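Each of two forms of one protein chain follows alone as structure tokens, named structure 1 and structure 2.
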Structure 1
């Protein structure tokens, strides 16, 4: 038995998907998404998506990296095994800077990537949209809007009517397999 996941409308151009997204957003739906083969400028605003939270992860990673760098140099050179090197002080904030700087960037980069995967809930190798027969075009040359059945305002005929007003190439029902 298959369950309806949502309804998909297929478009051929970036301006068309932009207009479609604005329409769906003003219609008040909350559980919906747009699929594009590349990021379309302005689409985030049209969909009402807020600014991404990835920078938080980046910042935390960077802060951790910097502290780690300074701490290991201080601990190793000043506390644990101080050695006289060239008559220089055991610790100064200047010479650890390259090490701390590189670790800042390294951990910030890890933070960014982990943040992006976490916020996108990836890896997710299966998603109902992949059942769509023309799904391969959504990562190639076509654009789509999907309104999920789980949305409170979802009503199949209303959604079809809304889509029809946008003149898509086609309108399809996306189903997902029931878990046994």
Structure 2
């Protein structure tokens, strides 16, 4: 049993997909996506995509790494094994800096990876657009806009009319298998 996932419009060029994205956004649709074989400059702005939140994950990871590095050295030098060497204090923020710096870099990188995977909902082994018989062209030389059926404004005839006004090479209904 399959249900409609959305409607796909196929385009031939980057300028055409850019204009299509602007029209779909201005029409008020919120659940839609664009598939391109390469990055198209300015497309994220035309789609209304906001800045990524991955840097927040990076910052939190880096802050945790720095704090962990400083805490480890403080614990070992001040609490676990306090040892006076040459009149130096038990703890000074200058000495553990290399450890804290390295942990900052390491945990910031892990935070970036975790943020990217989480926000992009990866790994995604299946997407309904893969059911489209010309899907391999979307990674080679074609461009597509898909408006999902879950969108509040979705009406098949209105979406077809919108896409027809954009002059795509093809308009297709994408289906997905229902989960049992």
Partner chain sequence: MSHSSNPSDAAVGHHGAAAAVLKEVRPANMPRRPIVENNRDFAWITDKVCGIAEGKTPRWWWIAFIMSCMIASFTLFGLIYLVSTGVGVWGLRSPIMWGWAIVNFVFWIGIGHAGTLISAILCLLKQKWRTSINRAAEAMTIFAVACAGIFPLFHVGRVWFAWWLFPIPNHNAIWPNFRSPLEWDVFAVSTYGTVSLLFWYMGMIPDLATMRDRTRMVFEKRYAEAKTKTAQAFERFFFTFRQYFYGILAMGWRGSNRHWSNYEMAYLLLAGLSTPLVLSVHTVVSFDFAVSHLPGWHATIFPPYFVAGAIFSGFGMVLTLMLPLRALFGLQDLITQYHIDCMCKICLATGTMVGYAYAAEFFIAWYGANAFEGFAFVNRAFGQYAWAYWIMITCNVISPQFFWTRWGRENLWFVWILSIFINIGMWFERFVITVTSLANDFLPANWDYYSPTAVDIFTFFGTFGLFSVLFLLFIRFLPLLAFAEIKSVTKQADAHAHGEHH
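Positions refer to the first chain, counted from 1. Only the largest set of C-alpha atoms that superpose within 1.5 Å between the two forms is called the rigid core. Model, not experiment: these values are computed from the prediction.
The form predicted alone appears here as structure 2.
Relative to the superposed core, residue 28 undergoes a Cα shift smaller than 2 Å between the two structures. With the core held fixed, residue 101 shows a CA shift below 2 Å between the two structures. The rigid-core alignment places the CA of residue 91 2 Å or more apart between the two structures. CA movement of residue 140 between the two structures equals 2.5 Å, with the two forms superposed on the rigid core.
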